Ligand SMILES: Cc1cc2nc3c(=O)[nH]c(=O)nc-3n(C[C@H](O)[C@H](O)[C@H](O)COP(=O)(O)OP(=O)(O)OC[C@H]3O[C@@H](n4cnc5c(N)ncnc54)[C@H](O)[C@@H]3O)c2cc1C
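To begin, one chain is listed below as structure tokens, in the form predicted on its own.
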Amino acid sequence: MPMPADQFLTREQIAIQQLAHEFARNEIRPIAMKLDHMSDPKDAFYMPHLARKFDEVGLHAMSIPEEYGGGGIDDLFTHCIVAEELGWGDRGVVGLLLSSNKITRYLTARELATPEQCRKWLTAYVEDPEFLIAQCMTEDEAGSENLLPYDGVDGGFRTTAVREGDFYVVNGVKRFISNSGYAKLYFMYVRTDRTKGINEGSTLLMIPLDTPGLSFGRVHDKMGYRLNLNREIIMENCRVPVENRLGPENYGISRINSHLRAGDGLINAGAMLGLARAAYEAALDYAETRKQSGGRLVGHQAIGLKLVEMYSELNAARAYVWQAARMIDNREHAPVDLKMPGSASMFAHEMACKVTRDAMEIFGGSGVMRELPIEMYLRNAYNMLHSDGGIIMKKLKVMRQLNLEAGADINVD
């Protein structure tokens, strides 16, 4: 199946789509299954090596503004196109793109970062091919409730930061954090006022990898998405300079995140398109070559109809994701439907689960064998229902927006 085309893609977007596709084909696919099958989840993490390769083809710093030496590609739509090709290679490798995008979003938000912080860290990212970042929010007792913030004193992340002169002393444990132990910079959400909830008493700090008191615990052994490492982060009297704070103290999670671009979750949705496309292509190729009951599988109605559904669902999800991304990019010129990004992301995630399951059924008994990638595709798809806040949280966010627009009371307990 060829890469998705669109008459509105610019020449530059077609070129970067092809570049990302070739990177996925040449650098990701040859190693994806081997790494996925590693018994030790730490051994499945190959990001530093892939980050160097990503840099060689010019994609490592694609999100970074040109004034700091980056690619200067800011639009969300192009990010979704690149994410699909990387997801076609392996779902976990999209973390390379997310890393570049997230550090850009944090440090180019004028209300959060100073010009000095922006220059220092974006330049460092561009100059170091292995530079990755980590976004650190989830803890043992507070995960998705941080994303639709529960503002009780008893809720939200508990990691504390106590001001001592020109430093914050940070203590706590985060878990499920991508790139832990390898990321060069950690965007750490902390409580700076324990008498208030996370909308009034939380602060965002940047913690470099070499900060004393910062260490790393167990690597989480996930069923899928294994090329993306998730690990515990431990802070024991970790001293962070006040100059590494983003925004005011006690600025609160909702105000912090309000300065980030709405809809960036569509990058993950784009990656789900790539994952589903890989499964569909494999199933179609198998059905065209496998002969059974007097003919090729593709000629049997049950199989043919399933392929039609897969093809239709994949293209419907892509159209929705692309529409939402273009809407965000055009937000200064036309009204934005705030429900659409979350709805499109939810739709793409659930589509990928259905398409990978259908692909497994087309392969029959071979579909569950580990020497083929189909079972890996399915594990990767279903794993993502529990990532990035989870599929239920995506639906709750859309539901909240529906309620706001309808003037209804909001209850998401």
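Every value quoted in this text rests on a predicted model; they were computed, and no experiment measured them. Throughout, we count residues from 1 along the sequence that is shown.
What comes next is about the form predicted in complex with the named molecule, which does not appear here.
Note on contacts: among Glu350, Glu375, Asp388, Asp55, the single residue with a heavy atom within 4.5 Å of the named molecule in the predicted complex is Asp388. Proximity to the named molecule in the predicted complex, defined as a heavy atom within 4.5 Å, singles out one entry of Gly71, Gly197, Gly143, Gly181, which is Gly143. Of the candidate stretches 42 to 50, 363 to 371, 379 to 387, 60 to 68, only 379 to 387 has residues whose heavy atoms lie within 4.5 Å of the named molecule in the predicted complex. Contact with the named molecule in the predicted complex, defined as a heavy atom within 4.5 Å, is made by all three of Cys136, Phe176 and Lys222. Although the partner is absent here, Val336 sits far enough away that none of its heavy atoms falls within 4.5 Å of the named molecule in the predicted complex. The named molecule is not shown here, but in the predicted complex it comes within 4.5 Å of a heavy atom of Leu147. In the predicted complex, the named molecule lies farther than 4.5 Å from every heavy atom of Ser99.
By the criterion of a heavy atom within 4.5 Å, Ala15 is excluded from the residues contacting the named molecule in the predicted complex.
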